[in-house]
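Here's a solo chain for you in structure tokens, the form predicted on its own.
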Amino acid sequence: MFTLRWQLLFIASPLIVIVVLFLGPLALTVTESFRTYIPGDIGSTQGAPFTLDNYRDLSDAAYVGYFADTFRLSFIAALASMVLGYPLSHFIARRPPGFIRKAIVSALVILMFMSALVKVYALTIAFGPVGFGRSFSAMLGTRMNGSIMSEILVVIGLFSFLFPMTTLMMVSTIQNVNPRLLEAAVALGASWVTGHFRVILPLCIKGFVSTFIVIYTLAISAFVIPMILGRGQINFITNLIYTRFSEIANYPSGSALSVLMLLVSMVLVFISSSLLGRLAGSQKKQGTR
């Protein structure tokens, strides 16, 4: 049996690691975001005065555009992953264990762990001049090298990254719903589609909202996909942070962007959690009636 001293040591060890390796650097980043930057220097100089200019600069229309692109394209990709992943998730959840189910799950797992670079460059070839990029852009009525095509490529890249994970996460949620409920709805006259909208989706809403929070957070944090598939026309906030730190060494500006991105993500999680709480409360009230 472990003594209380050893138990406290086991608990304290990971907490110390988190404080030293995460909270410490995060505190330095927050401090750096308020420092004055002199062009030409690498980061702020020692003892540089504090300022709010790094945050005031973020209200510029150009930065608003970066934030809008990040959240808009990430939302489209996350929503498409949920909508298109639902039928496959339901099929897997209701399929008895066997070869077909194992093959589909294995394929999704392989896709999920496949290198993002491999996926991105495969899409670059497929939608480039040597692939079907010209005919695809002509079908959409846009230029192959235009900004609209870059937006579409970024969404497709994010979708290919999110879809396997989204599908597998929704399988576990659907498995918790009794399949006889859908059969009963169909037997009482509801169509298959209506049964899903009126019976399955309301019962799965908490799990689906949690899934959306996870994949949306991953999408807005994507770096390689917008950097390569955006072709310089579409940049996410992550790409801008990288440029501030690595190319122009403006650490205060990059830190301010990082802190603002963190705050926005926390607000999104808070709003989603509040929504989940309201949904749980409304379901509990309906259950007691």
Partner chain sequence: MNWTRRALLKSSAATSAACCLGLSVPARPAWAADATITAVEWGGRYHENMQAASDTQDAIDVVWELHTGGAAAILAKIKSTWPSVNYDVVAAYSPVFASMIREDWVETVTAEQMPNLADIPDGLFMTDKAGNKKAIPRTTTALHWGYRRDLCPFEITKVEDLLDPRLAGQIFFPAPVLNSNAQMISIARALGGDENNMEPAWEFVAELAKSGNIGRVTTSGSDDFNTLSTGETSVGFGATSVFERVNAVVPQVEYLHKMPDESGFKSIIVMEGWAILKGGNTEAAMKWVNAMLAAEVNQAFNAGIGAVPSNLKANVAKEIENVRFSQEELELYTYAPDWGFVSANLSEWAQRWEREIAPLL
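Numbering follows the first chain given and starts at 1. This is a predicted model, so every value here is computed, not measured.
One more form of this protein, predicted in complex with its partner chain, exists but is not displayed; see below.
Among heavy atoms of Ser172, none comes within 4.5 Å of its partner chain in the predicted bound form. The closest heavy atom approach of Val214 to its partner chain in the predicted bound form falls outside 4.5 Å. Its partner chain is not shown here, and in the predicted bound form it never comes within 4.5 Å of any heavy atom of Lys102. Residue contact with its partner chain in the predicted bound form: Pro49 places no heavy atom within 4.5 Å of it. For the options Leu262, Ala68, Leu28, Ala62, the residue carrying a heavy atom within 4.5 angstroms of its partner chain in the predicted bound form is Ala62. Screening Arg134, Arg94, Lys119, Lys206 for any heavy atom within 4.5 Å of its partner chain in the predicted bound form leaves a single hit, Arg134. Listed stretches are 143-151, 105-113, 164-172, 193-201; the contact stretch with its partner chain in the predicted bound form is 143-151, by a heavy atom cutoff of 4.5 Å. In the predicted bound form, Asn250, Tyr251, Ser253 are the residues of 250-264 with at least one heavy atom within 4.5 Å of its partner chain, listed from first to last.
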